[in-house]
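Let's start with one chain on its own, the form predicted alone, as C-alpha coordinates.
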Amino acid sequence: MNIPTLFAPFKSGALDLANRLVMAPLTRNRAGPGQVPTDDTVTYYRQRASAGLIITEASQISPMGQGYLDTPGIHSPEQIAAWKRVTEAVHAEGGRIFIQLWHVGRISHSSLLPGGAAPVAPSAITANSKTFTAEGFVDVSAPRAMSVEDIQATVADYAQAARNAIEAGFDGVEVHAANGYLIDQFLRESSNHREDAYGGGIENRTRFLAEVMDAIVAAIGAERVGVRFSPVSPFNDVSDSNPQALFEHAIERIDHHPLAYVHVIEGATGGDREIDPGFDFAALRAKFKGAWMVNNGYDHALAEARLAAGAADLFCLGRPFISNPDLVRRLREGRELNPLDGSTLYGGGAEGYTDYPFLAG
(Lines give C-alpha, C1' and ligand atoms only; values in the text may rest on other atoms or scores of the structure.)
Protein backbone atom coordinates (compact mmCIF):
# COMPACT_ATOMS: atom_id res chain seq x y z
CA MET A 1 0.00 0.00 0.00
CA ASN A 2 1.37 3.40 -1.01
CA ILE A 3 0.89 5.69 2.03
CA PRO A 4 1.31 9.39 1.18
CA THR A 5 3.77 11.54 3.09
CA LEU A 6 3.78 15.22 4.01
CA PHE A 7 6.98 15.74 2.05
CA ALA A 8 5.86 14.35 -1.30
CA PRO A 9 4.58 16.71 -4.01
CA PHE A 10 0.85 17.41 -4.09
CA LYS A 11 -1.17 18.15 -7.21
CA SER A 12 -4.87 18.98 -7.36
CA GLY A 13 -6.38 21.10 -10.09
CA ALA A 14 -4.13 24.13 -10.51
CA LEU A 15 -2.31 23.42 -7.22
CA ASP A 16 1.16 22.03 -7.91
CA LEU A 17 3.00 22.01 -4.58
CA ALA A 18 6.40 20.67 -3.53
CA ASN A 19 4.93 19.23 -0.33
CA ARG A 20 1.74 19.17 1.73
CA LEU A 21 2.89 21.59 4.44
CA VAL A 22 1.24 25.01 4.29
CA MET A 23 2.33 28.16 6.07
CA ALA A 24 -0.79 29.52 7.76
CA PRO A 25 -1.85 33.16 7.48
CA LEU A 26 -0.23 34.94 10.43
CA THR A 27 -0.89 38.55 11.33
CA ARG A 28 2.41 40.28 12.18
CA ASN A 29 1.44 44.01 12.19
CA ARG A 30 4.57 45.16 10.35
CA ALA A 31 3.23 47.00 7.30
CA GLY A 32 4.73 50.40 6.55
CA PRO A 33 3.00 53.74 5.86
CA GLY A 34 -0.06 53.30 3.69
CA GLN A 35 -0.34 49.68 4.89
CA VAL A 36 2.37 48.74 2.38
CA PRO A 37 4.52 45.60 2.82
CA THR A 38 8.18 46.43 3.54
CA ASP A 39 11.61 45.11 2.61
CA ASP A 40 11.46 42.95 5.75
CA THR A 41 8.20 41.45 4.47
CA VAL A 42 9.97 40.39 1.27
CA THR A 43 12.70 38.71 3.31
CA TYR A 44 10.25 37.07 5.72
CA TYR A 45 8.26 35.29 3.02
CA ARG A 46 11.30 34.46 0.87
CA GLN A 47 12.88 32.72 3.87
CA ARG A 48 9.82 30.45 4.21
CA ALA A 49 9.39 29.58 0.52
CA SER A 50 10.13 25.88 1.13
CA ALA A 51 6.56 25.50 2.40
CA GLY A 52 4.40 23.71 -0.14
CA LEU A 53 2.20 26.79 -0.07
CA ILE A 54 2.43 30.09 1.78
CA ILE A 55 -0.80 31.84 2.69
CA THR A 56 0.05 35.42 3.57
CA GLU A 57 -1.11 37.35 6.57
CA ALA A 58 -4.68 38.59 6.18
CA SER A 59 -4.73 41.70 3.97
CA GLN A 60 -7.61 44.12 3.84
CA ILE A 61 -9.53 44.49 0.60
CA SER A 62 -10.34 48.16 1.19
CA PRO A 63 -9.63 50.95 3.70
CA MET A 64 -12.90 50.07 5.46
CA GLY A 65 -11.75 46.47 5.80
CA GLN A 66 -8.90 47.27 8.18
CA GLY A 67 -9.21 46.27 11.83
CA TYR A 68 -5.73 46.31 13.34
CA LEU A 69 -2.75 48.65 13.30
CA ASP A 70 -0.15 48.16 10.54
CA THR A 71 -1.80 45.31 8.65
CA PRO A 72 -1.16 45.30 4.89
CA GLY A 73 -3.74 45.95 2.21
CA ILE A 74 -4.23 44.81 -1.37
CA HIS A 75 -6.24 47.77 -2.67
CA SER A 76 -3.76 50.54 -3.58
CA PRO A 77 -1.16 50.72 -6.38
CA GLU A 78 1.60 51.02 -3.79
CA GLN A 79 0.44 47.88 -2.01
CA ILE A 80 0.22 45.93 -5.26
CA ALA A 81 3.76 46.98 -6.21
CA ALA A 82 5.13 45.99 -2.81
CA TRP A 83 3.41 42.61 -2.83
CA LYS A 84 4.83 42.00 -6.32
CA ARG A 85 8.32 42.11 -4.80
CA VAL A 86 7.18 39.48 -2.27
CA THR A 87 5.75 37.12 -4.87
CA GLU A 88 8.81 37.47 -7.10
CA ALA A 89 11.07 36.58 -4.16
CA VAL A 90 9.01 33.52 -3.23
CA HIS A 91 8.79 32.32 -6.82
CA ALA A 92 12.55 32.77 -7.27
CA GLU A 93 12.98 30.25 -4.44
CA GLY A 94 10.55 27.81 -6.10
CA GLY A 95 7.68 28.54 -3.73
CA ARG A 96 3.96 29.11 -4.17
CA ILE A 97 2.01 31.89 -2.45
CA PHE A 98 -1.65 32.87 -2.00
CA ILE A 99 -2.80 36.08 -0.31
CA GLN A 100 -5.58 35.97 2.28
CA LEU A 101 -8.32 38.51 1.47
CA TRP A 102 -9.73 40.17 4.59
CA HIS A 103 -12.54 42.43 5.67
CA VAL A 104 -12.81 42.54 9.46
CA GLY A 105 -16.34 43.97 9.63
CA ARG A 106 -17.13 44.94 13.22
CA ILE A 107 -13.74 43.89 14.63
CA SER A 108 -12.25 47.33 14.17
CA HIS A 109 -11.88 50.75 15.75
CA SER A 110 -12.88 54.09 14.32
CA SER A 111 -9.29 55.38 14.72
CA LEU A 112 -8.21 52.90 12.02
CA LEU A 113 -10.93 53.76 9.49
CA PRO A 114 -11.25 56.61 6.96
CA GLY A 115 -12.52 59.79 8.57
CA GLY A 116 -12.96 58.05 11.92
CA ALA A 117 -15.94 56.12 10.52
CA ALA A 118 -17.80 53.45 12.44
CA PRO A 119 -17.00 49.87 11.42
CA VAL A 120 -19.57 48.08 9.27
CA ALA A 121 -21.26 44.78 10.05
CA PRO A 122 -24.33 42.72 9.12
CA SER A 123 -26.12 44.18 12.17
CA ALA A 124 -25.38 47.00 14.59
CA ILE A 125 -24.18 44.64 17.34
CA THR A 126 -20.93 45.50 19.09
CA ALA A 127 -18.59 42.54 19.55
CA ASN A 128 -17.21 41.69 22.97
CA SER A 129 -13.70 41.85 21.56
CA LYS A 130 -10.61 44.01 21.36
CA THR A 131 -8.36 45.23 18.58
CA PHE A 132 -4.86 46.68 18.35
CA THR A 133 -4.48 50.41 17.66
CA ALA A 134 -1.85 53.10 18.15
CA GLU A 135 -3.05 53.23 21.77
CA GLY A 136 -2.56 49.50 22.29
CA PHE A 137 -5.34 46.93 22.76
CA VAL A 138 -8.74 48.63 23.01
CA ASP A 139 -12.40 47.62 22.81
CA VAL A 140 -13.75 47.52 19.27
CA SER A 141 -16.01 50.37 18.18
CA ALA A 142 -19.77 50.06 17.81
CA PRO A 143 -20.58 49.15 14.18
CA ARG A 144 -23.34 50.31 11.87
CA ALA A 145 -25.45 47.85 9.91
CA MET A 146 -24.58 47.57 6.23
CA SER A 147 -27.13 48.61 3.65
CA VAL A 148 -27.73 46.42 0.61
CA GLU A 149 -25.72 48.99 -1.35
CA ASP A 150 -22.85 48.60 1.15
CA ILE A 151 -22.98 44.84 0.68
CA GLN A 152 -22.89 45.10 -3.11
CA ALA A 153 -19.97 47.53 -2.96
CA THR A 154 -18.07 45.20 -0.62
CA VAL A 155 -18.62 42.23 -2.92
CA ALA A 156 -17.12 44.35 -5.70
CA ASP A 157 -14.19 45.23 -3.42
CA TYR A 158 -13.46 41.51 -2.92
CA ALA A 159 -13.43 40.93 -6.68
CA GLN A 160 -11.13 43.90 -7.29
CA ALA A 161 -8.78 42.80 -4.51
CA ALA A 162 -8.55 39.39 -6.18
CA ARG A 163 -7.66 41.03 -9.50
CA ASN A 164 -5.07 43.13 -7.68
CA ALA A 165 -3.60 39.97 -6.17
CA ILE A 166 -3.11 38.38 -9.58
CA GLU A 167 -1.57 41.64 -10.84
CA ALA A 168 0.83 41.41 -7.88
CA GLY A 169 1.89 37.93 -8.97
CA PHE A 170 0.11 35.78 -6.41
CA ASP A 171 -0.71 32.22 -7.40
CA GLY A 172 -4.16 32.65 -5.90
CA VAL A 173 -6.23 34.06 -3.05
CA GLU A 174 -7.76 32.69 0.12
CA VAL A 175 -11.07 34.24 1.16
CA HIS A 176 -11.08 34.76 4.92
CA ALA A 177 -14.53 33.55 6.02
CA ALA A 178 -13.38 32.55 9.52
CA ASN A 179 -12.57 33.87 12.99
CA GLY A 180 -15.51 36.20 13.47
CA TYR A 181 -14.63 38.63 10.66
CA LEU A 182 -17.11 40.05 8.15
CA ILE A 183 -18.14 36.95 6.19
CA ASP A 184 -18.29 34.89 9.39
CA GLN A 185 -20.40 37.64 10.96
CA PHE A 186 -22.95 37.20 8.18
CA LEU A 187 -22.94 33.42 8.65
CA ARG A 188 -23.58 33.34 12.41
CA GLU A 189 -26.86 33.88 14.26
CA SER A 190 -25.16 35.78 17.09
CA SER A 191 -23.90 38.58 14.83
CA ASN A 192 -26.50 38.58 12.04
CA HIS A 193 -29.96 39.79 13.07
CA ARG A 194 -30.94 41.08 9.63
CA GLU A 195 -34.48 40.68 8.36
CA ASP A 196 -33.74 41.01 4.65
CA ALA A 197 -32.31 38.58 2.08
CA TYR A 198 -29.00 38.43 4.00
CA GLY A 199 -30.40 37.40 7.38
CA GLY A 200 -32.71 34.93 9.07
CA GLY A 201 -32.36 31.31 7.97
CA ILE A 202 -29.22 29.54 6.83
CA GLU A 203 -29.97 30.09 3.14
CA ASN A 204 -30.01 33.85 3.64
CA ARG A 205 -27.06 33.98 6.04
CA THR A 206 -24.87 32.17 3.50
CA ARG A 207 -25.87 34.54 0.68
CA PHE A 208 -23.07 37.07 1.25
CA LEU A 209 -20.45 34.30 1.22
CA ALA A 210 -21.89 32.90 -2.00
CA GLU A 211 -21.94 36.31 -3.69
CA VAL A 212 -18.35 37.04 -2.66
CA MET A 213 -17.15 33.67 -3.95
CA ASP A 214 -19.09 34.05 -7.21
CA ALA A 215 -17.58 37.49 -7.81
CA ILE A 216 -14.01 36.41 -7.08
CA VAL A 217 -14.32 33.28 -9.22
CA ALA A 218 -15.67 35.39 -12.08
CA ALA A 219 -12.73 37.75 -11.66
CA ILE A 220 -9.78 35.32 -11.51
CA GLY A 221 -11.04 31.74 -11.98
CA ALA A 222 -12.03 29.14 -9.40
CA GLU A 223 -8.74 27.24 -9.56
CA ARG A 224 -7.00 30.25 -7.98
CA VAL A 225 -9.43 30.58 -5.07
CA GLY A 226 -9.50 28.96 -1.63
CA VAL A 227 -11.68 29.75 1.37
CA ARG A 228 -11.18 29.47 5.12
CA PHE A 229 -13.81 28.55 7.74
CA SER A 230 -13.74 28.11 11.53
CA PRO A 231 -17.03 26.28 12.16
CA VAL A 232 -16.88 25.93 15.95
CA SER A 233 -14.45 28.65 16.98
CA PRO A 234 -15.90 31.36 19.26
CA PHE A 235 -13.11 33.78 18.26
CA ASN A 236 -14.24 37.42 18.12
CA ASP A 237 -17.55 36.75 19.84
CA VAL A 238 -19.44 34.67 17.27
CA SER A 239 -21.60 31.61 17.78
CA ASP A 240 -24.38 29.65 16.16
CA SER A 241 -26.95 27.18 17.46
CA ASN A 242 -26.42 24.71 14.58
CA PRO A 243 -22.92 25.04 13.11
CA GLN A 244 -23.08 21.62 11.45
CA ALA A 245 -26.03 22.52 9.27
CA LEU A 246 -24.74 26.05 8.69
CA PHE A 247 -21.29 25.13 7.44
CA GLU A 248 -22.41 22.10 5.47
CA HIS A 249 -24.80 24.39 3.61
CA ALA A 250 -22.10 27.04 3.21
CA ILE A 251 -19.90 24.51 1.43
CA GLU A 252 -22.81 23.21 -0.65
CA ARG A 253 -23.38 26.78 -1.88
CA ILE A 254 -19.82 27.15 -3.17
CA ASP A 255 -18.90 23.58 -4.19
CA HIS A 256 -20.13 24.08 -7.76
CA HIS A 257 -16.94 26.08 -8.26
CA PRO A 258 -13.83 23.88 -8.74
CA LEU A 259 -12.01 25.77 -5.98
CA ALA A 260 -8.33 25.30 -5.13
CA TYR A 261 -9.19 24.16 -1.60
CA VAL A 262 -11.29 24.56 1.51
CA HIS A 263 -9.27 25.43 4.63
CA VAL A 264 -10.87 24.49 7.97
CA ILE A 265 -9.79 25.43 11.50
CA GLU A 266 -10.57 22.44 13.70
CA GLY A 267 -11.73 23.55 17.15
CA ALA A 268 -11.11 26.96 18.70
CA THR A 269 -8.72 29.13 16.72
CA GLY A 270 -5.29 28.77 18.32
CA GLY A 271 -6.80 26.78 21.18
CA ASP A 272 -8.74 23.66 22.12
CA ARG A 273 -9.15 21.25 19.20
CA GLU A 274 -12.01 19.51 21.04
CA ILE A 275 -14.08 22.56 21.97
CA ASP A 276 -17.09 20.96 20.23
CA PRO A 277 -16.45 17.19 20.04
CA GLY A 278 -19.89 16.66 18.53
CA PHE A 279 -19.04 18.54 15.35
CA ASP A 280 -18.49 16.13 12.45
CA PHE A 281 -15.61 17.45 10.34
CA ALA A 282 -15.65 14.31 8.18
CA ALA A 283 -19.26 15.05 7.21
CA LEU A 284 -18.23 18.59 6.37
CA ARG A 285 -15.43 17.37 4.16
CA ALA A 286 -17.83 15.06 2.33
CA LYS A 287 -19.63 18.16 1.03
CA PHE A 288 -16.57 19.33 -0.93
CA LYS A 289 -14.99 17.64 -3.92
CA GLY A 290 -11.61 19.41 -3.91
CA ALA A 291 -8.49 19.61 -1.76
CA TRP A 292 -9.12 19.71 2.00
CA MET A 293 -6.77 21.76 4.20
CA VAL A 294 -6.80 21.55 8.01
CA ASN A 295 -5.35 23.73 10.73
CA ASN A 296 -4.99 24.02 14.51
CA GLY A 297 -2.42 22.40 16.75
CA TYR A 298 -0.85 20.15 14.13
CA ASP A 299 2.63 18.77 14.59
CA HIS A 300 4.52 16.31 12.38
CA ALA A 301 3.12 13.18 14.01
CA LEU A 302 -0.51 14.29 14.03
CA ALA A 303 -0.34 15.52 10.45
CA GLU A 304 1.20 12.26 9.18
CA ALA A 305 -1.40 10.23 11.05
CA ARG A 306 -4.29 12.28 9.66
CA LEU A 307 -2.84 12.12 6.17
CA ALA A 308 -2.47 8.33 6.36
CA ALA A 309 -6.09 8.12 7.51
CA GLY A 310 -7.22 10.17 4.52
CA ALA A 311 -8.66 12.87 6.76
CA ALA A 312 -7.07 15.78 4.87
CA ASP A 313 -4.80 16.62 1.93
CA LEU A 314 -2.93 19.68 3.20
CA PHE A 315 -1.78 20.67 6.69
CA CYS A 316 -1.47 24.26 7.83
CA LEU A 317 1.05 25.18 10.52
CA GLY A 318 1.32 28.67 11.97
CA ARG A 319 3.65 29.60 14.79
CA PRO A 320 6.23 26.90 13.99
CA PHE A 321 6.78 28.66 10.64
CA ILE A 322 7.37 31.98 12.44
CA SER A 323 10.34 30.69 14.43
CA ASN A 324 11.55 28.16 11.86
CA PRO A 325 11.95 29.56 8.35
CA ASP A 326 13.27 26.12 7.32
CA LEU A 327 10.46 24.25 9.08
CA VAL A 328 9.94 21.77 6.25
CA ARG A 329 13.57 20.63 6.44
CA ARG A 330 13.51 20.44 10.25
CA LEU A 331 10.41 18.25 10.23
CA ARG A 332 11.67 16.03 7.41
CA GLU A 333 14.99 15.47 9.19
CA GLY A 334 13.52 15.22 12.70
CA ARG A 335 15.54 18.21 13.88
CA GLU A 336 14.92 20.42 16.89
CA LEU A 337 12.73 23.49 16.37
CA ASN A 338 13.70 27.03 17.31
CA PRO A 339 11.73 28.37 20.30
CA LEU A 340 9.20 31.10 19.59
CA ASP A 341 9.67 34.57 21.06
CA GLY A 342 6.09 35.54 21.88
CA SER A 343 7.05 39.13 22.68
CA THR A 344 7.89 39.86 19.02
CA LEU A 345 4.80 38.40 17.35
CA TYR A 346 3.03 41.69 16.67
CA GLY A 347 4.66 44.87 15.47
CA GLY A 348 8.31 45.88 15.54
CA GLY A 349 11.06 45.32 13.02
CA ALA A 350 13.35 42.49 12.00
CA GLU A 351 13.72 41.06 15.52
CA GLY A 352 11.50 38.01 15.82
CA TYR A 353 10.56 38.42 12.16
CA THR A 354 13.50 37.74 9.84
CA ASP A 355 16.28 36.85 12.31
CA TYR A 356 15.33 33.29 13.34
CA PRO A 357 18.23 30.94 12.44
CA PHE A 358 18.32 28.29 9.74
CA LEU A 359 19.95 24.91 10.19
CA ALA A 360 23.59 24.86 9.12
CA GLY A 361 24.22 23.71 5.59
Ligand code: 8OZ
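When you see a residue number, it is the position in the sequence shown, counting from 1. Just so we're clear, the structure is a prediction, and the values are computed from it rather than from any experiment.
FYI, the form predicted together with 2-Phenylacrylic acid isn't displayed, but the following is about it.
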Heavy atoms within 4.5 Å of 2-Phenylacrylic acid in the predicted bound form: which stretch among 172-180, 197-205, 113-121, 238-246?
-> 172-180
Does each of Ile99, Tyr261 and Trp292 have at least one heavy atom within 4.5 Å of 2-Phenylacrylic acid in the predicted bound form?
-> no
Taking the shortest heavy atom distance, is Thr27 within 4.5 Å of 2-Phenylacrylic acid in the predicted bound form?
-> yes
Please run the contact check for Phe321 against 2-Phenylacrylic acid in the predicted bound form: heavy atoms, 4.5 angstroms, yes or no?
-> no
Would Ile55 count as a contact of 2-Phenylacrylic acid in the predicted bound form, using a 4.5 angstroms cut-off between non-hydrogen atoms?
-> no
Going by heavy atoms, what in 321-351 lies within 4.5 angstroms of 2-Phenylacrylic acid in the predicted bound form?
-> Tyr346
